[in-house]
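Presented below, as structure tokens, is a lone chain in the form predicted alone.
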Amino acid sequence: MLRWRIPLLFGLLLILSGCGAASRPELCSTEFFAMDTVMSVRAYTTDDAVLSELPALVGALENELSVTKEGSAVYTLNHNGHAAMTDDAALLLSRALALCGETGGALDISVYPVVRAWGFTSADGSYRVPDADELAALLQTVDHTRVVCEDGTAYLPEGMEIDLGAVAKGYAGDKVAAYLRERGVTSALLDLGGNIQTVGTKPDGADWRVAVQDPNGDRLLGVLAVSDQAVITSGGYERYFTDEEGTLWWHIMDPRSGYPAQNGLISVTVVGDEGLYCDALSTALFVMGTGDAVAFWRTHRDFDMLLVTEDGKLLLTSALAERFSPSEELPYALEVIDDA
């Protein structure tokens, strides 16, 4: 059985509406479907055409980056072993490969054949547990260091395929936020299928308040106060199935083993200035596990994070702890990660 849950967003109404031209910014909102998820945007603007252009903007990105849309740069690369990349596809592929290296392979865009073998790319519920020999063979093609992207063309070794899904929505959030700023929007809240991106603050100068989902239930862990940042969560609760023996398997794969990552974490929320970076890290840190995730943060210090562990802890970086309001009946032991 496959289950989906969409993280809750504090105070966000998912409605499709417009707004007329106004002398001062008014709240406008829109909702559309792209990248296999529902996306919604709320923005304060004087231009009633601003939000109407967003579906086409995100749709164009999807047509370039989709692993399943025939004719996309990624689809062509996977099927031909080489492809001319659009500007967005080349940029995102280069950034993704750099992040694969920076995270020591915890993020690996070439793990796509393994994810497909488990059935997580299927639309008909064909989920399965591959046997050890099948996974061993597939893991021979998992190696991001063998992907080449130069002079606008990408190349793959025979049998290798990639998927930019771990970074595409974060990149789309960055593009939408940049577009809104270019159109004069200084206050907006984006929910791209659970990937939250904020532009500025609320019109009154207050932070946006973004809820964080409890991975073990329908309740909330608490609310984060953020402005001009992305808040992106990865967790086992997002997409999973239970096999005939009652074992739960989720979609976040460990590229080293070919099995769903089981390293002590059940949810990772990353907060930072760039959606692409947060998107990539939310997956990579989940794969790393608690100890390596904390070590990575201590080394880089260019993002903040909230970790939920299997043993009942909620760990926050110190800066994030100051902006987090936990739920009154928080079912976890809250700990602030030591800066040392």
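Every value quoted in this text rests on a predicted model; they were computed, and no experiment measured them. So that there is no doubt, residue numbering starts at 1 and follows the sequence shown.
The same protein has a further form, the form predicted together with a small molecule, not shown here; the description that follows concerns it.
Just one of Val210, Leu107, Val74, Val270 comes within 4.5 Å of the small molecule in the predicted bound form, counting any heavy atom, and that one is Leu107. Residues with any non-hydrogen atom within 4.5 angstroms of the small molecule in the predicted bound form fall in just one of 38-46, 310-318, 296-304, 282-290: 282-290.
Interface residue remark: Gly194 is not counted as part of the site for the small molecule in the predicted bound form, having no heavy atom within 4.5 Å. Taking the partner from the other structure, the small molecule in the predicted bound form has no heavy atom within 4.5 Å of any heavy atom of Asp214.
The small molecule in the predicted bound form is not approached by Gly258, whose heavy atoms all lie more than 4.5 angstroms from it. Put simply, Met253 is close to the small molecule in the predicted bound form: some heavy atom of it is within 4.5 Å.
Heavy atoms of no residue among Val176, Asp228 and Leu276 are located within 4.5 Å of the small molecule in the predicted bound form.
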